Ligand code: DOR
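This document starts with one chain, in the form predicted alone, laid out as structure tokens.
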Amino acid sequence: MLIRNGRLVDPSQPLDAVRDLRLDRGLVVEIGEHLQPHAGEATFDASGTIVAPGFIDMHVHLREPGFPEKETIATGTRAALRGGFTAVACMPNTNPALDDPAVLATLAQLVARDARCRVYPVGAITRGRKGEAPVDFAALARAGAVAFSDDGNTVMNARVLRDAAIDALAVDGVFISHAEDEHLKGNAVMHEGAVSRALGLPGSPAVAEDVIVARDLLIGAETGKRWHIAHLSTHGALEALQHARAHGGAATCEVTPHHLLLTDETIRTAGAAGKVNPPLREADDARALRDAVRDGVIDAFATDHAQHTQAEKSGDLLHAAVGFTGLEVALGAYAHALPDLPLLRFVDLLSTAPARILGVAGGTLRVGSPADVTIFAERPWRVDPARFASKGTTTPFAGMTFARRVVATIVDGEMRYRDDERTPS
């Protein structure tokens, strides 16, 4: 395939210029100007679009094995393609949890049969994600785990977490923290603040996140284990991360589209559609996150795509499931939150940095790299959950209009998704 006349934006080179891109046999083989098609070669006119290394979402819940009514490998990866993602890392809160090589082998079979994009499994840190006993990290790494997390749960016992970090020093996979102190959080359904008090709902204070972020960063620094903070959402957690880095720490972090763009005020109108962990915070927190992206403090964008059935997200906030779909709205939401962000930085957060943090292929369009490409454009569109590929159709972004849209998604040199308005010749 020859992709012509697109604005190539690749932070790994770095490159931001109108160029042609040739793909062959699953690899990038040529970048140049005014390249001529070879005999029989498919071409794609990318005029007026941005051509980037394939997006990688390092925090996705695909729900299999165990919860196919919520999502499957097939539907989740189709949603990923529509969001411009050529690869996703799937979290381990499945049933059974991704805590054993045999479970990862089952997942690999499902991926080989059904996946439409690349899928990288994240293994659990503790058995059954119960926070009691570490998994066999070497065995999970051999079975394909690229990182480790008890996401959805916090490893509350600091001794268990520290012992796990020491046990895992022999493998490369980064530890990913879900940072919520379960005791401080209690039975919260949203952020603790003026809105929760006005609505009479139990809230989780920002400090519930802050103390776990600070603790985990200290454990990471003391043990030498590479560490990553998932879905960072508070100003205090940002300050803890910056403090750790100022004292020699090298931890990374991610931020979601909903924590950048929405606040606890959203709950007044969205109700259960806005219920998520960590909860939507206050305006000052969202503003601090956006500033941190601009300042280079945030390392990666990640959706925390966590879909449920419509029944589970219906009804009152107290009993509704936690989380919502995110893959198909992410590109537009990120751009809406940060319209002034330079494209090189934007693509780095979505592609190059996640590949580096996870230690996986991709994140670059250098010659010889995998032919995973995301093409997007400044083209307005309206969020319509009825058109989602995901089984999850609940999102607090429903009805919003975004200015940036996916045009096409190419995985391993094959056009896996293109929008309805543009087709390759």
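Numbers follow the displayed sequence, beginning with 1. Quick caveat: nothing in here was measured; it's all calculated off a predicted structure.
Another form exists, predicted together with the ligand; not displayed. Remarks below refer to it.
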Exercise. Quick one: is residue 72 in contact with the ligand in the predicted complex, heavy atoms, 4.5 Å cut-off?
Worked result: no
Exercise. With the partner left out of view, is residue 323 within 4.5 angstroms of the ligand in the predicted complex by any non-hydrogen atom?
Worked result: yes
Problem set entry | Close approach of residue 304 to the ligand in the predicted complex, 4.5 Å, heavy atom | yes
For this session: Give a yes or no for residue 101: in the predicted complex, does one of its heavy atoms lie within 4.5 Å of a heavy atom belonging to the ligand?
Result: no
Exercise. Which of these residues, 352, 234, 93, 204, gets a heavy atom within 4.5 Å of the ligand in the predicted complex?
Worked result: 93
Problem set entry | Selected contact from 225, 281, 308, 118, since only one has a non-hydrogen atom within 4.5 angstroms of the ligand in the predicted complex | 308
Seminar exercise, completed: Assert contact_stretch over 145-153, 205-213, 244-252, 75-83 against the ligand in the predicted complex, heavy atom within 4.5 Å, equals 145-153
Problem set entry | Heavy atom contacts to the ligand in the predicted complex at 4.5 Å, residues of 60-83 in sequence order | 61, 63
